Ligand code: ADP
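Next up: just one chain, as structure tokens, the form predicted alone.
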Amino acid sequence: MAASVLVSAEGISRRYDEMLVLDAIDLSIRDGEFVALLGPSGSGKSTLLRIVTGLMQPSSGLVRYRGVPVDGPCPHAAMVFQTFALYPWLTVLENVALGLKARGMPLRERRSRANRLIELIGLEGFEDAYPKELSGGMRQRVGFARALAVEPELLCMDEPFSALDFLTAENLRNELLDLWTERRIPTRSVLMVTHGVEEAVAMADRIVVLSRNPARVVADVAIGLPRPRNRKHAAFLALVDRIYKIVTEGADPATSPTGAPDHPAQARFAPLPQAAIGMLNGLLELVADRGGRDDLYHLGSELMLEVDDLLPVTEAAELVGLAVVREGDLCLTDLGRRYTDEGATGRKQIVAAQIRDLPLFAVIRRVLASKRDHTMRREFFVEISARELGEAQAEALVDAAVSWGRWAELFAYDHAAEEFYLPEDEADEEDGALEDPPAGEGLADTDGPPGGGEPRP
């Protein structure tokens, strides 16, 4: 008999200002199931988690718990946060019992239940300690005990192990799985947001992968491996590789007719990848030395990078036409091979030619060329972008434009004054072009080679 549905999200969408973050998400979690949510950084995983628990309302759509609509914080769900979220002025016992106090449980009963959970989670003897006296792993144990104290049917976790060192995180993962699989806690189902592909395959029964901008469900993969899972087993590695391909390509090659992602129409001011130039250069050089193609999962493992760390770099490489992702491999294009053979100046010229016509770069160049002093404050471009993306995304977009545009010498930037400007030599060229423009033309042509120049003193 199929397990009953514990919670369902039906057509969930969420907007911030004008920006659509979640787009018609359908997600169901059955009784007895451990579900992991994966997706690129900024794909709305945490937002969806908060909507499922009733801590946030969707812009449209509905969440049901055992068939009943959720219109506020769900009393049958509890949350474990990434950053512990403990009250520093309360002891371990008081932090664990806090939710029970809010529910009106008598003092003796809530102390008794809190003590049982503290012992179960491995913190016996630390009941009277304060959070500042505990290690990171111990503080997260308190977070787990506090969530479990209210005996939730649904335990929701937002990257609960990401702030811990490797060994502490691995121990806590195993202990939590033991508590759940051995039914030593009353929790029926678990929903976990993570950015770790291996972590998801090791722990979950199903992995739901979200795309970005806006988030849509691109894959729902059943794991089907018995527990405990051997991370070195061929079946485990094959699943990790498959999930890696889905996250990096935005589609499941095993179920998609073409294996090609379904890309939504891009906004005019689409967000730029938050990737460091040095990391991009190093990764491309590494792939070039290996024949121009390498497996992203193996690269991530070798460099000790999670998929969230690697994705912005691969997206940047694709954006500027230096590489493409095919079947989970990063493959250099002909331009990418030429790029890795160039010195610093040649690389800057290649990137400048590739990004100068992207909407925000083109707008910045046109504005600087047309202004008499060839200068414009940063907030002007943030406000232009925010109309479409919202304030936070616009700030991130302009920050990325500063980094890439300065490196490619498309313009200069004064951090102290928060101003974009053209270097003197290029500004002189623009002034000359504006003195006597041909009849019928408007702004000066800014499509010449990128200018040099140093930041202003």
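None of these values were measured; they are calculated from a predicted model. Numbers follow the displayed sequence, beginning with 1.
One more form of this protein exists, namely the form predicted together with this ligand; it is left out here, but the text below deals with it.
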Legend entry - this ligand in the predicted bound form: contacting segment from 23 to 31, 403 to 411, 46 to 54, 416 to 424, heavy atom within 4.5 Å: 46 to 54
Inset, instruction - Using a 4.5 Å heavy atom cut-off, state whether G61 contacts this ligand in the predicted bound form. - result: no
Inset, instruction - Could you run down 25 to 44 and flag each residue that has a heavy atom within 4.5 Å of this ligand in the predicted bound form? - result: P40, S41, G42, S43, G44
